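Single chain ahead, written as structure tokens, the form predicted alone.
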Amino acid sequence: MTAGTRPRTAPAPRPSVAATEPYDWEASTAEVAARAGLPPDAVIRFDTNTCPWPGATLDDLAAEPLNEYPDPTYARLTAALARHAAVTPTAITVGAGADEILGLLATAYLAPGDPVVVADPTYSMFGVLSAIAGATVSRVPAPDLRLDRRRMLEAAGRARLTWLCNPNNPTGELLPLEFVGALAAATQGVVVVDEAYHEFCQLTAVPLAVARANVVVVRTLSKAFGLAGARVGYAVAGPAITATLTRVRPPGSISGVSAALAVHALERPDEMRARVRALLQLRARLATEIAVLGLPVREGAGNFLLVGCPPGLAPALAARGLVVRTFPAGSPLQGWMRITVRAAAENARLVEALRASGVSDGR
């Protein structure tokens, strides 16, 4: 084929990929700052559920050989994660953030047409990854933003894979371990329990993942460990799921620097627990201060709050460099905003902005 006869258009992707609604990426801090006419360091991210304090810095590390690939077994990282999760290293699979682990699970277990169950609302990547695989997604509603457990159990019984975020993002709802166990018993499919916010509530399905062949727990070091920029996540599962994840896990997806940062943070659990205690106290204080202003605040078990959001409030906050997570028209969360709990001074700046706006939702 000569250069003149080459196709002028790119080949089409798989139909399921072309039909997938992509993840709704947050605007960058630089973009937010430019729109508001502010310097980037004046922007505060209340929309990403990250920790206001880093769990480790590059200054904490010895020199890493950047010209070499990291240890493909990630032996030190795996051992440190196993100690934190109170399991054996053979139960651990590491990944570049929890999102890579979720992607590996979708790759390993979903084929076109497979039935998948998710709550509505929940973490949107569950639906995105399922759609990319071509699976058929059933969404179980959450009346008053509380999961309909009976319908979830019924739907899971027919599912190839069930996604469950516990505590749920973005509602903050924490489901009891008994329900998670019932969900696992109700299905022959895989039950994925995303515990990104585990350290803030302490309830965990890890014992179920160890005991039951169809349960896998997925966690991250992005939240309580303050390492969102390092991108380190992991799965806890029995031998069959772990072996399957090992088949599809790419080599070296976690950089050597990220792995070293993760080990440093994991070897200092008291520092993580101190951050969690501080954030829980700040969460309670922030919830009270917002409620006093007349906005409804949902009780939640993560490092964030779900708060009523009258029309025009989020853009007014963004104009001050304060970014909250909002939801589109038609969403079960229309009229709500998710607010990350941040350091005291940052929270105070948000409360003052809310007070200055004169908000009162009236619900």
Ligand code: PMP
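Residue numbers run from 1 along the displayed sequence. Note that the coordinates shown come from a computational prediction; the quantities given were computed from them, not determined experimentally.
The following text describes the form predicted together with the ligand, which does not appear among the structures shown.
S.K.: In the predicted bound form, does Y123 have a heavy atom within 4.5 Å of the ligand?
M.R.: The answer is yes: Y123 has a heavy atom within 4.5 Å of the ligand.
S.K.: Using a 4.5 angstroms cut-off on non-hydrogen atoms, would Y197 count as touching the ligand in the predicted bound form?
M.R.: Y197: yes, in contact with the ligand in the predicted bound form.
S.K.: I'd like to know whether G97 contacts the ligand in the predicted bound form, with contact meaning heavy atoms within 4.5 angstroms.
M.R.: G97: yes, in contact with the ligand in the predicted bound form.
S.K.: So, L102 and the ligand: in the predicted bound form, are they within 4.5 Å at any heavy atom pair?
M.R.: Although the ligand is absent here, L102 would touch it in the predicted bound form, with heavy atoms inside 4.5 Å.
S.K.: Looking at heavy atoms inside 4.5 Å, which stretch does the ligand contact in the predicted bound form, given the options 284 to 292, 161 to 169, 111 to 119, 84 to 92?
M.R.: Checking each option against the 4.5 Å cut-off leaves 161 to 169.
S.K.: Which residue among T78, S258, S222, N214 has a heavy atom within 4.5 angstroms of the ligand in the predicted bound form?
M.R.: Flagged contact: S222.
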